[in-house]
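One chain comes next, on its own, written out as structure tokens in the form predicted on its own.
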Amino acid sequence: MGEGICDYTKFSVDLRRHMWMAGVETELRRLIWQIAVTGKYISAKIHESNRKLAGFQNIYGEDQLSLDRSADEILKNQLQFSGFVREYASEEQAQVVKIGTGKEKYFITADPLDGSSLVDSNLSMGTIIGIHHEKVFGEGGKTMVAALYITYGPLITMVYSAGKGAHEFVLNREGEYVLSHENIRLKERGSIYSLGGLRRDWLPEHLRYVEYLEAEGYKLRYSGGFVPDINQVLIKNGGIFMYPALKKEPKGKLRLLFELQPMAFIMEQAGGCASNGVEDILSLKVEDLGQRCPIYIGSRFEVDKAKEYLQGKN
């Protein structure tokens, strides 16, 4: 099948067949498929949203949209009776939830609806999933066996990796996920960058790095949503996303367990890398559910160059 874009109206390899052909273990294959199907239900909930806040805050003190709560419940309920999941850790839950009998094989981490605050402006959102073969408190590089994200945009797409490359599927009109990009590969160096945080709050090393990118002619592409911005780097085959340490937030904004580990897993499978500016994201140990971390993720050239600036080598 090779690299590149496939015309999925003519070449319709669905998700289950692709995973079977790739040799993904049976239980993991069924679990990934079930999560992908759950994305359809979350998408339907987004489309019927009234755009209003639920009037609650999550465990981090952030406003929760009714969509956040609904997406979390949909995902948890679907996984509860899957027969494959022992524990569920969600950005919307205060603690790890035991949803199985204690004998199941996998542990799930989830950001059920990343970018939900963008719903009122009709921008893309997403779901981020990490699949672990042992408890989630540890180094992602040792515990993760698969990761995926679903993008709810003009098209509903899913990118997954079970450790054998990163692959994109599109939800077609018949409700099937069909292959659109197989073995996504990032170029060694890209041409776009996406970054969060206010310029006035950046540390000097990060500012110098951004100025380097500007001088090199990199194009700024930032939506405010982690999933669509990461998806753009992958589908455009290169570039970098970054949310740095800030003067008042030295640990950055994004959460290691729910957001960064799964995306780092996928990005590495596409030939890229992910770092906090010093260490690889998948080598960092998760100590608690809300643990945050700076992130530089994308093509190897841009991430390595960021590390040089952050470590004072430029």
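Residue numbers run from 1 along the displayed sequence. Please read these numbers as outputs of a predicted model, since none were measured by experiment.
One more form of this protein should be noted, the form predicted together with a small molecule, which is absent from this view; the next part is about it.
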Which one, Y209, Y177, Y152, F241, lies within 4.5 Å of the small molecule in the predicted bound form by heavy atoms? F241
Pick from S116, N237, S161, T157: which residue has any heavy atom within 4.5 angstroms of the small molecule in the predicted bound form? S116
Hey, with the small molecule in the predicted bound form, do I74, Y88 and P112 all fall inside the 4.5 Å heavy atom range? no
Proximity to the small molecule in the predicted bound form (heavy atom, within 4.5 Å), stretch among 27-35, 40-48, 276-284, 251-259: 251-259
Can you work out whether Y193 and the small molecule are in contact in the predicted bound form, taking contact to mean some heavy atom pair no more than 4.5 Å apart? no
Give a yes/no on whether Y222 approaches the small molecule to within 4.5 Å in the predicted bound form, heavy atoms considered. yes
Since only the chain is shown here, I'm wondering whether F169 would be in contact with the small molecule in the predicted bound form (any heavy atom pair within 4.5 Å). no
Is G197 one of the residues lying within 4.5 Å of the small molecule in the predicted bound form, judged by heavy atom distances? yes
